[in-house]
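The chain below stands alone, shown as structure tokens; this is the form predicted alone.
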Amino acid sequence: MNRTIVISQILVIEQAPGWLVAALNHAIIAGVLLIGGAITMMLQVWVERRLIARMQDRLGPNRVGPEGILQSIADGIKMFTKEDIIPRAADRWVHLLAPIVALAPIAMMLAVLPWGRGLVAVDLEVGVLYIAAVSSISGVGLMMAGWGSRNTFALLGAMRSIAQLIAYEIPLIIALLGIVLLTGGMSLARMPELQAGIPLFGSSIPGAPDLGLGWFIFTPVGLLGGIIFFICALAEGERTPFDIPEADSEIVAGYMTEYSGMKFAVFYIAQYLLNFALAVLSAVVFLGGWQGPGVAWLADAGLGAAASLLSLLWLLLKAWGLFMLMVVIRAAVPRLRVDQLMSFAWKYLLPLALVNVASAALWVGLTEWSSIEWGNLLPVDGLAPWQRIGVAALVTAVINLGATRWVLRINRAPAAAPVVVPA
């Protein structure tokens, strides 16, 4: 998926115009991303059904293919043959376009994610801003589905979804902002490159081996930001316990109530692709992305192709691990009430995300500023880079732990007053 143009060598069209070669190159990259996304979605459904079944002492799908691996393909064929029903009172065009609007932005997110060492379709300098902007568009599709269906349950689900997206998108973006401060840029392709070395200290210690473990999650700023981001990702992807927009026990299926056949399947695909994209984004930003033991060694040995393949395997391992954590949470945690969900975002996650950004700014000041920029308040010029990182880690850990304890204490529900029954 590197942007190097190789189509002319594959198709032997050296005399073709440059625009045609570029168009074919991008078309093949887009095809690989979309086909890979479809295969990933089918594997996600199978893994989730089998894993939850095991946790609930059931078997799960086990008839179609070995261990039921082909069950998703059978379900897809069934969706193709099901009747497409549109309510008589629905707005036909809005009802039709809603699943497309919900899916398209998620497919666009896959283009800027770095899948490995040198494996990125489009390296945008504002990749974080692009992700934040594009991912919010899918909420428009959900609102279109609820409004265009002319169904009360669908409209309630759509309104719940929009309220949830707004509430959790703010701390999610602020959590990303802390990492943007640490890296000094918004390029997603550059973030894994800055997470080489050893835990916490990265590549700051001279002579230390490059283990590919300098992940931001090992820093206090990255740890708190990663926890906030993952919780918000659960809400953005409507995963349990944040699945109230389509709560079947309350509002049938939410905004998808009046959808059947392939339109319903498109919504289903969009949800699972969004979950996987958010898992990949979490891995890239907080877990080193494609960094891991052995990648740097293979690259230094001149085995670039092997290094790229190993880096891809590391990223997929992290992303699938995060997705399986989502599945375990779904099987183990009950659904929240609407008021609990909104309160958790505004009263817990938002204050902690703001404190984490302040900690990130302090980290940058302690590791990169001079004593003059500090107003001669801190003698940091004489410290080695790894020593400055140690000081920054200690200070930010104290701040983040204190802020977490403070937020939990002030939001603790007061004890109910005893009820006095008159004699």
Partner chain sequence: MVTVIFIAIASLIIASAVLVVISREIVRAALWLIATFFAVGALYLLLEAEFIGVAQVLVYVGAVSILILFAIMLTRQHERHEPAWRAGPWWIALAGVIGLAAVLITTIGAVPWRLTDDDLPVSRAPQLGTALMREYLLPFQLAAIVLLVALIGAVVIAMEERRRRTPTLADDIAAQRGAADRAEDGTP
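Numbering follows the first chain given and starts at 1. Quick caveat: nothing in here was measured; it's all calculated off a predicted structure.
What follows is about the form predicted in complex with its partner chain, which we do not show.
- Its partner chain is not shown here, but in the model of the complex it comes within 4.5 Å of a heavy atom of residue 91.
- Among heavy atoms of residue 337, some come within 4.5 Å of its partner chain in the model of the complex.
- Taking the partner from elsewhere, residue 162 is found to have a heavy atom lying within 4.5 Å of its partner chain in the model of the complex.
- When its partner chain is considered in the model of the complex, residue 147 lines it closely, a heavy atom lying within 4.5 Å.
- Considering its partner chain in the model of the complex, the lone stretch of 197-205, 273-281, 109-117, 128-136 in range is 128-136 [heavy atom distance within 4.5 Å].
- The contact residue chosen from 124, 213, 253, 182 relative to its partner chain in the model of the complex is 124, the criterion being a non-hydrogen atom within 4.5 angstroms.
- Of the listed positions (309, 177, 223, 155), a single one reaches within 4.5 angstroms of its partner chain by any non-hydrogen atom in the model of the complex, namely 155.
- Residues 166, 186 are the ones in 166-193 with at least one heavy atom within 4.5 Å of its partner chain in the model of the complex, listed in sequence order.
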